[in-house]
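Only one chain is shown below, in structure tokens, and it's the form predicted alone.
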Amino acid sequence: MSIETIPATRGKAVRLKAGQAIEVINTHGAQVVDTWAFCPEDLRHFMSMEHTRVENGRLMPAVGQTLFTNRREAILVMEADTSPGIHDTIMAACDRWRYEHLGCTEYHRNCADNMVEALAELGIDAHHVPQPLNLFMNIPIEADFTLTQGVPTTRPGDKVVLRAARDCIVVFSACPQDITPINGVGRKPTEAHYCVLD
């Protein structure tokens, strides 16, 4: 079993066969990992948070629940989670426009570009960035329905295991956000790790 690195502020893509699982490790305890899954035969068929929320009747997936595609087909199953179970399914991936709105005047690394670059490393040309499953991201919903950019509730070494319900390509981004506290009060993105399990 080989442990691989998702470099800080960068992305990685991995091909999984049906039945394989991938363990995502929050190595330092405060790193959000944006996560996508695509069907390799058609990138227009992908893991969808809006469809997953409907099918599970839940805001965020729990252990034993399935993650569904935009065609309401099973693609991943959350098999294990040693974290407090707080994962965001609402927020779009950060992109260059998000950072412009936050005041950046020069290019800032972002999860949308990380996804595209990671797929390009596999020779895949992506033209659409779906909303990811934001593993370990804490977005509290306040009583007045406002959303807060919360600090992660995870601890160093917390893990999530996702098992493939079908052949798929899983993409990760170690979120580069260093303006809001989404990656912890220190606002310092760090690497995360993963390993493929049979």
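Position 1 is the first residue in the sequence shown; the rest follow in order. The structure displayed is predicted, hence computed values, not measured ones.
Another form, the form predicted in complex with a further copy of the same chain, is not on view; read the next lines as being about it.
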{"query": "Residue contact check: Met60 to a further copy of the same chain in the predicted bound form, 4.5 Å heavy atom", "finding": "yes"}
{"query": "Any non-hydrogen atom of Pro152 within 4.5 angstroms of a further copy of the same chain in the predicted bound form", "finding": "no"}
{"query": "4.5 angstroms heavy atom contact with a further copy of the same chain in the predicted bound form for Val129", "finding": "yes"}
{"query": "Any non-hydrogen atom of Thr27 within 4.5 angstroms of a further copy of the same chain in the predicted bound form", "finding": "no"}
{"query": "Among 167 to 175, 50 to 58, 27 to 35, 153 to 161, the region lying within 4.5 Å of a further copy of the same chain in the predicted bound form by heavy atom distance", "finding": "50 to 58"}
{"query": "Sequence-ordered list of residues in 139 to 154 near a further copy of the same chain in the predicted bound form, where near means a heavy atom within 4.5 Å", "finding": "Ile141, Asp144, Phe145, Thr146, Leu147"}
